[in-house]
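Just the one chain here, the form predicted alone, laid out as structure tokens.
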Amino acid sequence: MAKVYFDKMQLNDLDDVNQIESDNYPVPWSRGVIKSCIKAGYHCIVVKQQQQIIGYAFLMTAYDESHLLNMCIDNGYQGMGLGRKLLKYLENICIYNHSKVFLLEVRESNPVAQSLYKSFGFSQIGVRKNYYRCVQGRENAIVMTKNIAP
């Protein structure tokens, strides 16, 4: 596998990120939401192999908390440890920003992601009822956190 690296998402990455979002989620974020995250100044990160975007993440930091809003590694690149590397990169952003807590939500129907987060030190603290939109109806989110060492 060619070298993979992380970069700051730019507005000209919008088409590629939107395509991966649409290809990997049954109810994807809209192009407008993605653009709003970039313009809001969130930590919007792309995962690249050579010049091709193969994943991304959106991280919001405020006060002493960081919230992972969305993260995806494109289907063809899953299972190669890239999600773990991206999480570590995001955790380093949390540390740099003096966050004490790293927070995320994950679909109840996504045991692969839940397993990744648990193996990375996240633990469940609650459930948000009907949090995610689905093709038909809504789905609960498991709320997970990880304490960030000072």
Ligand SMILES: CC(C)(COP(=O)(O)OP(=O)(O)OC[C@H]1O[C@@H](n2cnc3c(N)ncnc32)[C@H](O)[C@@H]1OP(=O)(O)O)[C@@H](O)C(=O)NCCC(=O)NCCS
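Residues carry their position along the shown sequence, with the first being 1. Because the structure is a prediction, the values reported are computed rather than measured.
Keep in mind the form predicted in complex with this ligand is missing from the figure; the text below concerns it.
Heavy atoms of no residue among Q10, Q19 and V47 are located within 4.5 Å of this ligand in the model of the complex. In the model of the complex, V112 approaches this ligand with a heavy atom inside 4.5 Å. In the model of the complex, this ligand sits within 4.5 Å of a heavy atom of R84.
Contact check for L116: a heavy atom falls within 4.5 Å of this ligand in the model of the complex.
At a distance threshold of 4.5 angstroms between non-hydrogen atoms, E91 is out of contact with this ligand in the model of the complex. Contact annotation: this ligand lies within 4.5 Å of heavy atoms from the stretch 103-111 in the model of the complex, the single such stretch among 57-65, 39-47, 121-129, 103-111. Taking this ligand as it sits in the model of the complex, the stretch 25-62 comes within 4.5 angstroms of it through a non-hydrogen atom at just one residue, Y25.
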